[in-house]
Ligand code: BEZ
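Next up is one chain by itself, shown in structure tokens, the form predicted alone.
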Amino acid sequence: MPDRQNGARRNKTENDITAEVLARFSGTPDPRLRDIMLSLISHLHAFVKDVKLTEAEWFQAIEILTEAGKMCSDKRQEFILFSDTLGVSMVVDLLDHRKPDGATESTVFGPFHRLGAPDMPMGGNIAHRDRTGTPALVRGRVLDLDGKPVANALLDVWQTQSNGLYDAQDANPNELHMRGKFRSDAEGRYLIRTVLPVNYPIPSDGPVGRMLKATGRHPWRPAHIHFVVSAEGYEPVTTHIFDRTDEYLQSDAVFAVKDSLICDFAKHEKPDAEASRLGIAGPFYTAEFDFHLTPATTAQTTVMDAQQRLAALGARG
């Protein structure tokens, strides 16, 4: 080590680099961006030092991120899969969507929402091209925190087909299927015709899949249906409902299951009056789930804001 008392300069250390980088970013004009960047740098440098990351490992990480970027399109978002499978999406969701007691809990948006889903009448069938799934009716009400009905609430609904694929993954990826927009009636009621949801693996043919395999994890998600529920004067909620019997509830690849979102899909061998009216012969399933919305905290939180958010996220696939 050089002797500083003799005028020699000491060797620069990794902590010197961290301090210098933090100093350079400390002048960031936007306060929120400054906080984010300083925390990011501190934690990223601490991670590198903690695991004693090698140059070869760092370049391998860069190659993985490069490959992930090349796999992204309007039909697939590999970085969202990384975020979901690392649990980051759910941490962000919990931090950004605190809900009061009694409100429907949110969960991950997922990478397969698409714009342009058709408006559907009460009891409309989003699974009109699915010939192998078992028919299912999902019904319930949209309510406020006091249990009063929320009329004309918008329910944006999507799920996989019975083959476990979303429309964007199927043979005709440009054709929308298993998607619809429904409105609650004056009593807050909604009714959706679909097929029984199935569990399915997330796309695992890329770097996310290799990461899961290398860490001894599976890529499976439990059976579920996606919802974004919004109404004038209420905060929109992005959520799922899950089938209580699914084997992957306790090991969801993206950590999205919450107990309050698990419901029963009851099997019926013969149609009731409502099923008969909708052309369902049986067997079929029914599920009931009520959504409880939180009043908006500002006048700006509206149905339009929910749809603008979905439009902004539309490129996620």
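So that there is no doubt, residue numbering starts at 1 and follows the sequence shown. This structure is a prediction, so every number in the text was calculated from the model and none was measured.
The next section is about a form of this same protein that is not shown, the form predicted together with benzoic acid (BEZ).
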item	value
Heavy atom within 4.5 Å of benzoic acid (BEZ) in the model of the complex - the one residue of Val254, Ala287, Ala275, Ala68 that qualifies	Val254
Benzoic acid (BEZ): the contacting residue among Pro135, Pro111, Gly180, Pro236 in the model of the complex [heavy atom, 4.5 Å]	Pro111
Which of 141-149, 127-135, 93-101, 77-85 lines the interface with benzoic acid (BEZ) in the model of the complex (heavy atom within 4.5 Å)	77-85
In the model of the complex, Ile202 touching benzoic acid (BEZ) (heavy atom, 4.5 Å)	yes
Partner proximity in the model of the complex: Tyr166 to benzoic acid (BEZ), non-hydrogen atom cutoff 4.5 Å	yes
Exercise: Arg193 in contact with benzoic acid (BEZ) in the model of the complex, heavy atom 4.5 Å	no
Interface residues of 211-245 toward benzoic acid (BEZ), as seen in the model of the complex [heavy atoms, 4.5 Å]	Arg221, His224, His226, His240
